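One chain comes next, on its own, written out as structure tokens in the form predicted alone.
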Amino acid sequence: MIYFDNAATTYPKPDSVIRAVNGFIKDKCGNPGRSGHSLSMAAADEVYDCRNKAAQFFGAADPSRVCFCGGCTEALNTAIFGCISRGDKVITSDIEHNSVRRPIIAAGAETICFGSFDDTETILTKTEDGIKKGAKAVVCSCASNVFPLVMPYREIGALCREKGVIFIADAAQAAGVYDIDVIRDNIDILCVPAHKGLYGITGCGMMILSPSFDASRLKPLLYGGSGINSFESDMPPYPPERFEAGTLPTVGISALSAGLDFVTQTGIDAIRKKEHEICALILSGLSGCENITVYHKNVGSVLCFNLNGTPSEQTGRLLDGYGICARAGFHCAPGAHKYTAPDGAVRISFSAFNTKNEAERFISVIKRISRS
């Protein structure tokens, strides 16, 4: 099998992540912050260790600014519903994932979009124009889940800081591949999944707050037990407990901790270089193929294409018949598909475990399919 669906979730997972999951369930499976016995304390130590790693990895410095949740979607909902109200104006890109788009709409906010394919200067000009119109926040992805496209998130962050506007960054496709530092990049709230570029498992994510962001400005999305202040009717005023109602996804946190170690030891520059080499090889192999349309031919961690005259989902099924896992159809980012065929596109996406041999095999198979 060739697994080219890493933008959905990375596979395989590092052996160290599998060992961490098994070891946690076997030896540390207490509920952190709820009891004083040894299993609960062991789980609490594991959670704190992961908080500390994540704080260092994303430049938050203070582990208390790392808030665990059920995934990147939950983190984005917490951030968006927590600081955006009906009638607010929000700036975002025209190709955002539904995890950004739908909460903004549900919050009753007015969206001001910039073109994701514009150059950095144009994006910043449109963003500044939106701020002048009264925008309260900018919410956008660091990297697209459809195209090999990285947003100028550092420049956007600097502009937001200068203008006093909240910057919420969706790192679903960027974390573990691109260098992100919440302080340096002026990101107020960074939303991150565990199961993609950080090589953890599903059901876990993080909302990471910049040390300069006042957490009391952010309303919790979930209310419930926090292990502290049990007689208070409201959630605690400070992170992370303010945003961690209920039992934490401790098994996922243990996996994330091991995944952070894997990415740190391998190096995000090395991982990105590997993914880009695979992408470049495939782009080169498909160049000149008249029956194949590749959308946005940049080198990156994802690539979208169609076989001309063939529905994308049919292409996906044909690839599956050759043991190649890809994603076909729409990709939860409706604005992106104004740049593809009406029925969507086939997406392939890469990880640290993909090889050049797999890329060459894919090129051979897709050429064979395109001729049939």
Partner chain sequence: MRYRYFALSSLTYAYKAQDALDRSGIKSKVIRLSGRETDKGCRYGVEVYDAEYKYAKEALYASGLPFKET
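Numbering follows the first chain given and starts at 1. Source: prediction; values computed, not measured.
The same protein has a further form, the form predicted in complex with the partner chain, not shown here; the description that follows concerns it.
Out of the listed residues 334, 30, 33, 311, 33 is the one that sits within 4.5 Å of the partner chain in the predicted complex by at least one heavy atom.
A heavy atom within 4.5 Å of the partner chain in the predicted complex is found for one listed residue only; from 148, 220, 240, 252, this is 240. The candidate stretches are 303-311, 341-349, 320-328, 49-57, and the one lying within 4.5 Å of the partner chain in the predicted complex by heavy atoms is 49-57. Contact between residue 41 and the partner chain in the predicted complex is found at the 4.5 Å heavy atom cutoff. The partner chain in the predicted complex comes within 4.5 Å of a heavy atom belonging to residue 232. In the predicted complex, 62, 63, 64 are the residues of 58-75 with at least one heavy atom within 4.5 Å of the partner chain, listed from first to last.
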